[in-house]
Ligand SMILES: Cc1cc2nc3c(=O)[nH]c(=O)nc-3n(C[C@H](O)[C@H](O)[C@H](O)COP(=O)(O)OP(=O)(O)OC[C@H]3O[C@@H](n4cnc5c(N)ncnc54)[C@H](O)[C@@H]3O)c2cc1C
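Only one chain is included here, represented as structure tokens and corresponding to the form predicted alone.
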């Protein structure tokens, strides 16, 4: 009999995982990717799409996936571990031998009058609204993370006739070093972005009135789908699927997780943030552990880290913060056109890494994580290093 591996989610983690499984060439392995999206969304490009500097932020799945991956255009609404089935929104049940939960992050809540644009649907609404604004109109971007900063800079750069402001409760991009943050703030001001940091935005009533803005783009944090919690699987306080260091759900030897919707419940891994730089290694490693399970081998403890954070500040400006493996900033950074080029190279490489994995399972590699304090958590399968 064959083995069915179902991957839930067609984002960076899910597509990487599906390719690693399918390209392994295991006889009898049926790899199924379940995603409601018709095309792959380059979420790292959404700020460009919103501001109108990119015509499309999607890619045909056919150009990314291994031909052995069977894609189902549907969404999972319930996982039934006791039956090893996934209930789909279309009404059918999908049986699995191994399941990889990679449903990604979901749009969080936004106050009245604001548009969330971390996902394609919201970005499309924001794109339309921005294009319709008259000269002199005010666009307020709320949030202090990368999405907010890049959206504000891109919008100001492409709509020189608009007033653009950025509002954050704390400092912009908190993970930056002091000098890097100063250079980012300088670039934002040079692009025409008015900065308001340190004051939370009130969310009672229509937020446009409070900010005196014609359009408000809300980029303040992510949420996750409720699928794991609704299915009775262990989740953390934020609703993310709880995993052991082998990226497996404790008590469920056939369910693994990766990406924004999952979290390793070992304090050592607190440095892993919600981003594609963490999602793709998690997806690849989770798929690798499924393949090891098929061979009767123990899973491997996840090992990934960071080397740099690239920030787009318009088409010809950017910043690169070099990082230690645990995501802490070093004293080195790049700024200006060189950094913008580096950001574009990394953005293009994400698709190349995914396509490379479709050609050869194991082609994708990533930076290793911190090397101290790697004690194996109790009740976890034995781990080894790759």
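Computed from a predicted model, the values in this text were never measured in an experiment. Residue numbers count along the first chain shown, from 1.
The same protein also exists as the form predicted in complex with this ligand; that form is not shown, yet it is the one meant from here on.
Asker: Counting only non-hydrogen atoms, which stretch in 180-188, 208-216, 166-174, 115-123 is within 4.5 Å of this ligand in the predicted complex?
Answerer: Stretch with heavy atoms near the partner: 115-123.
Asker: Go through 277, 263, 300, 130 and name the one with a heavy atom inside 4.5 Å of this ligand in the predicted complex.
Answerer: Checking each option against this ligand in the predicted complex, the one that comes within 4.5 Å is 277.
Asker: Under a 4.5 angstroms heavy atom criterion, identify the one residue in 356, 336, 68, 36 near this ligand in the predicted complex.
Answerer: Only one listed residue qualifies here, and that residue is 36.
Asker: Even though the partner isn't displayed, in the predicted complex is residue 105 close enough to this ligand, meaning a heavy atom within 4.5 Å?
Answerer: Yes, residue 105 sits close enough to this ligand in the predicted complex that at least one of its heavy atoms falls within 4.5 Å.
Asker: How about residue 257: is it within 4.5 Å of this ligand in the predicted complex, going by heavy atoms?
Answerer: No.
Asker: Although the partner isn't part of this model, could you tell me whether residue 154 comes within 4.5 Å of this ligand in the predicted complex, counting any heavy atom of the residue?
Answerer: Residue 154 lies outside the contact set for this ligand.
Asker: Using a 4.5 angstroms cut-off on non-hydrogen atoms, would residue 235 count as touching this ligand in the predicted complex?
Answerer: Residue 235 lies outside the contact set for this ligand.
Asker: Given this ligand in the predicted complex, answer whether the residues 29, 64 and 98 all have a heavy atom inside 4.5 Å of it.
Answerer: No, the candidate spot makes no contact with this ligand.
Asker: Within 70-94, which residues come within 4.5 Å of this ligand in the predicted complex, counting heavy atoms only?
Answerer: Sequence-ordered list: 74, 75, 76.
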